[in-house]
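Take a look at this single chain, the form predicted on its own, given in structure tokens.
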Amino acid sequence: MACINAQGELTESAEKILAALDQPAAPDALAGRTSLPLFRVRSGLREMAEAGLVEAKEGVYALTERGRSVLPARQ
């Protein structure tokens, strides 16, 4: 399941992951926070990193300014 659909909108999984990034976290912690499978969290983070919504440092992900800007509109 992709995190960004063909229309460029966030999927439900992407919204859950972004909302869970209120504090930077590793993929396994995000899987626990969202109740999503780890493989889905990892693939979603990769896709959202490519879209500029999140960034990773040493395996810990955080929202970018762009990620923060789309989050309030989605909640």
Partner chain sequence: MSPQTGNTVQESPHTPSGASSSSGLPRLGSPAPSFEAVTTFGNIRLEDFKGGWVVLFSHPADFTPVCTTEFLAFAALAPELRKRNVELLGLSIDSPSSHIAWVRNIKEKFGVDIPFPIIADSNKEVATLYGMLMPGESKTETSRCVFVIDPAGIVRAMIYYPLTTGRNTDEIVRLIDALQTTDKHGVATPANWKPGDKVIVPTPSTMEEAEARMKAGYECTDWYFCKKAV
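Given the structure is predicted, the values throughout are model-derived calculations rather than measurements. Numbering follows the first chain given and starts at 1.
Keep in mind the form predicted in complex with its partner chain is missing from the figure; the text below concerns it.
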Report task. Report whether all of Asp22, Ala62 and Arg68 sit within 4.5 Å of its partner chain in the model of the complex, measuring from non-hydrogen atoms. Result -> no
Query - Pro37: touches its partner chain in the model of the complex, heavy atom cutoff 4.5 angstroms - result: yes
Report task. Determine whether any heavy atom of Arg33 comes within 4.5 Å of a heavy atom of its partner chain in the model of the complex, and answer yes or no. Result -> no
Report task. Let me know which residues along 44-60 have a heavy atom within 4.5 Å of its partner chain in the model of the complex, or say none if there are none. Result -> Arg46, Glu47
